[in-house]
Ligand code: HEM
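Before any questions on binding or motion, here is one chain by itself as structure tokens, the form predicted on its own.
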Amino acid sequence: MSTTWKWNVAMLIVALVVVWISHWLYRWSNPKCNGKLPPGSMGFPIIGETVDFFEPCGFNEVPSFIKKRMIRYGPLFRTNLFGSKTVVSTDPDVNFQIFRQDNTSFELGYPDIFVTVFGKNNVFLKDISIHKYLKNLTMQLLGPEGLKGTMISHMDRAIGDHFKLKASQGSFDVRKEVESMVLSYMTPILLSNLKAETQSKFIHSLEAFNLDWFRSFLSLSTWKALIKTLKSRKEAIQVIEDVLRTRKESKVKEGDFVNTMLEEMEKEGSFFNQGSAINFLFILSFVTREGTSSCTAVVVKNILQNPKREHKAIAGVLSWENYRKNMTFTHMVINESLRLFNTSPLMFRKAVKDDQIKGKNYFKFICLLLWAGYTIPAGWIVAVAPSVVHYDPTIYENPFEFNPWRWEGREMIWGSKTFMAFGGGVTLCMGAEFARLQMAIFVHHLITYYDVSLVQECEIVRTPFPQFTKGLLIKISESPSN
């Protein structure tokens, strides 16, 4: 009798566990929603569809993860990435509606791994409303007013000197050289008067902080890259912390951005404390060189592969007026390269209240696509996929073809419904103008003053961030005409 009773209890416990697991799996696959969820799959418990998300693909392709689900579910689908319930949008009209509702229905929201890598004090991961404040704060550093003041001549001189040095040293990797160049002239602007040894250590730490870790977590190399990235961040943060503390104690004003941050911290009701100020300085060091270097390499790659050149040679020091008005074709090349490069595979938001994507009917080619009344529940991540828009043949004819002339006569708006190279909504990248200016000056010097030969073609895969498996190696020599 006793044995039978124990057996029955054991069977009851097993049955309850099975029921609980079954219910949990059902709830995982069918999340609660006050409305109708977009179609899709939540994948495996805990990890969702994260493994599939990192499936590599070629450079001129929509990421495999997105392409397969668009075919199966349509332009709006649900999934689970990095343990977060997510809705992915690939439709330009829905994307526009999402960005238009920044600060009302949507706020910034990122998977936890980004918070771990970039720091919990990172102001870029906080409320959307802070971005306008940050843009005003960095206006003299990254905005048009600051760039056309002293920065453009500073960049022009630094890039010119760098090219003269490289002309006598053989081949070089474009992406790595741009990284080194940007760090060499931006570091003193952010943190001036560092000792040579400290500056070298700081730049080395920044160079080691990259996005190589954003790949499949099933690979050992990913974990090694993540550890290296976190270590380099810690080292760079320590340098900034030491500078900020020393400057605060000495009350010496150096005229750099550290001084700007100290003044900002002293204001009543300041948004910044010491932790967020340090992190902001670190992120500025990162964003001014990471995307810029890769995009510049792609621009140069496209120029060398397409020999027809219409870049207007501008003699002497490059002025802001020349940059704005006399480099039209260079801007067209940059725009087209940015469209093809798609430096950010997804742009993240988080729904703060249940938001319904309004139903609509619209035609694409001769097919009627009907979808209506989907709800994005509060707390869900919303991921906008710009590459799908940039590669849409209904928007860009022959979308995988490099054709800068497609921009002729078109208004080059960075954060529009059909061109999101620098983000969208109120969080449009504050370093966009800086990056474009850096690329334009680099191309200007390369085309105007030098003969260029390709030593090694670069190879790029998407994992889903663009990864350079081979660098773009070029060799330059001064043009006889100059």
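Position 1 is the first residue in the sequence shown; the rest follow in order. Predicted model only: the values in this text are computed from it and were never measured.
Heads up, the form predicted together with protoporphyrin IX containing FE isn't pictured, but that's what we're talking about next.
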> Do Thr50 and protoporphyrin IX containing FE share at least one heavy atom pair within 4.5 Å in the predicted complex?
Replying inline: no
> Any chance Gly423 has a heavy atom within 4.5 Å of protoporphyrin IX containing FE in the predicted complex?
Replying inline: yes
>> Even though the partner isn't displayed, in the predicted complex is Phe172 close enough to protoporphyrin IX containing FE, meaning a heavy atom within 4.5 Å?
In response: no
>> So, Ser344 and protoporphyrin IX containing FE: in the predicted complex, are they within 4.5 Å at any heavy atom pair?
In response: yes
>> Based on heavy atom distances of 4.5 Å or less, which listed stretch (210-218, 250-258, 324-332, 284-292) is in contact with protoporphyrin IX containing FE in the predicted complex?
In response: 284-292
> What is the one choice in Ile66, Ala440, Leu446, Met430 with a heavy atom within 4.5 Å of protoporphyrin IX containing FE in the predicted complex?
Replying inline: Met430
>> Using a 4.5 Å heavy atom cutoff, which residues in 75-114 contact protoporphyrin IX containing FE in the predicted complex? It's fine if the answer is none.
In response: Phe99, Leu108, Tyr110
>> Closer or farther: how do the Cα atoms of Gly48 and Gln101 compare in the predicted complex versus the shown form, where the change is at least 3 Å?
In response: farther
